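Just one chain is shown here, as structure tokens, and it is the form predicted on its own.
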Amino acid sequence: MSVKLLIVFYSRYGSTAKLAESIAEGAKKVDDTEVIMRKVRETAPESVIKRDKRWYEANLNMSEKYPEPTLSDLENADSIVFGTPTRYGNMSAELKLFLDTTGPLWATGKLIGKVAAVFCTNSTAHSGKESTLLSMMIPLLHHGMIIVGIPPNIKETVTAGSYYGATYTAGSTGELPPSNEDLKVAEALGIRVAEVAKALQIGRRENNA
């Protein structure tokens, strides 16, 4: 029996997508894990996006690579990892808008007991990565999800990421690439989410046997 791990994220210039890809790589190292990646839609008008060539081109490339998530994607996943750039110490409007559409799943309890994790990027070193991660957990707790972070035995957390989730500082226009440590923390998060989801799946199957 395989574990379905869904990664849902928003990314403007591709920085958050880079962390998402590293999380996916980590999850795939866990046997019988299927990874699905989805990018939430842009909320800005196309006329605004086109004024910024890098934004416009990045959006085209990511839209071709990552379909938009649906509520069925969330319902069918065993575990879900959410990612966003920071916006004033909180999640982006694009991801929040998508989460605000999940009311039908809350009303029917479809996400209860699913494993969840969070990750983010930001433009400067002290612009609210951890507050963003913590605020992202709130709607997931309302859904009854089981949130996992990154344990301190991952040595790269001394200089990268957070116990609350994977992070990296990308610069104001995403010009800074993630460090090897940033990517290792993201990969470790993917492994951890997949392992916990798999362990829960095995336990539930044995209890129902």
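Quick note: we count residues from 1 along the sequence shown, nothing fancier. Source: prediction; values computed, not measured.
Not pictured, yet referred to below: the form predicted in complex with a small molecule.
Here the chain stands alone, but in the predicted bound form its contact with the small molecule, taken as any heavy atom within 4.5 Å, falls in 166 to 174 among 24 to 32, 64 to 72, 166 to 174, 149 to 157. Residue contact check for residue 87: one or more of its heavy atoms lie within 4.5 Å of the small molecule in the predicted bound form.
Within 4.5 Å of some heavy atom of the small molecule in the predicted bound form lies at least one heavy atom of residue 127.
Although the partner is absent here, residue 123 lies within 4.5 Å of the small molecule in the predicted bound form, judged by heavy atoms.
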